[in-house]
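Taking the form predicted on its own, here's one chain by itself in structure tokens.
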């Protein structure tokens, strides 16, 4: 008797129906961050169902190169079993307890000690939170508290830079220099002032003229100092800055910028807050961007790469000046979150830091894969007719799309160069972020040379297609 034929499965058809169901539910019930909801509902969200290494797979089985490591955070790649096991073991043993009621747990203790050994000298005390926004919000509170403890309550103004990004709470959105974040929420709050970003490539279009990077670095720091003098140094509490500006367009400052900023902060007794949410944990080739640029921060905020994005966790470290004063305050610190130092998140972060160190991943970024990535991005794009500048550091790279390369002239906003390129990325299996008309890559630190070549081929295809759409090629 002939064997009956097995029915032929139709996984793509079934997957397609499931995708449409999920998209409909998402459109009906889920409001996405930084998204125009009606347009996304009409288009349908992309549903990611699994990930491994530098790759994502959507619900239709399409493989995607994640050129942004999530949101600049999946340092050791997706699917790491050691991190999963660390979280599972902690979940079994202590799924949750808080740090109120004179209580702690082993994972939080060990993580705080481990981070202290990696941070700049003097950063021996830490607080934990759950996101970069929470960490930066906490930093602002601690800065104000410090000056109150020192009998300087008039020091309440927080300086930050144009095009900076520090979070989405009411305070951190006010601190951020990305002005489209403000009107919907009636921000910024009073007490937040901006100084220029060290964005040399945009200097000509911003009216600074044809100036070289060193001249521009000196100019913007003079403008910063003038702003401080005009406001009054006795009123300024802090200056917050990312070592490399991320969501503002991946702005890498001229070489003379940071030494002068450090001098200014010291001269006028202004606390320096290093926002290391993106640049921490190997992204620039050092454990922290503060080492890359020889910064001396009074307070550091970190998140993202702390757990490689596997768990929501952030931290705030205090240098000796702030830490000693707050530890000796002799009163209750009226601050904390339900999930501060969550045992499972700390267990995963502890294992993540162990892997970064044990496997030499940070050193590899500094000595091998980071230099390779920077060299190859420039070789592929430096002469491209649509790319005005290639810039980056470590595992951060940006290609700025311009209308006139010789004149460093940007496209008018209605040409939507970045959006066009991003859409080509969606269609061709690549996550490459568009920040205005700057295309950004920040892959996982464990990416291989072969994978970099694969990613850059996709990036070039998408930029070539964009150039054709815009009439450049």
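Keep in mind the model is a prediction, meaning the values are calculated, not measured. Numbering follows the first chain given and starts at 1.
Just so it is clear, the following notes concern the form predicted in complex with a small molecule, a form of the same protein that is not shown.
Here is the short version: of 316, 399, 278, 396, the single residue with a heavy atom within 4.5 Å of the small molecule in the predicted bound form is 278. Only one of 71, 170, 91, 329 lies close to the small molecule in the predicted bound form, with a heavy atom inside 4.5 Å, and it is 71.
With the partner omitted here, the stretch from 281 to 289, 83 to 91, 133 to 141, 386 to 394 that lies within 4.5 Å of the small molecule by heavy atoms in the predicted bound form is 133 to 141.
Looking at the small molecule in the predicted bound form, residues 166, 242 and 247 each place a heavy atom within 4.5 Å of it. Among residues of the shown chain, residue 304 is one whose heavy atoms approach the small molecule to within 4.5 Å in the predicted bound form.
Although the partner is absent here, residue 422 lies well away from the small molecule in the predicted bound form, with no heavy atom inside 4.5 Å. Mapping the unseen interface onto this chain, residue 433 counts among the residues with a heavy atom inside 4.5 Å of the small molecule in the predicted bound form.
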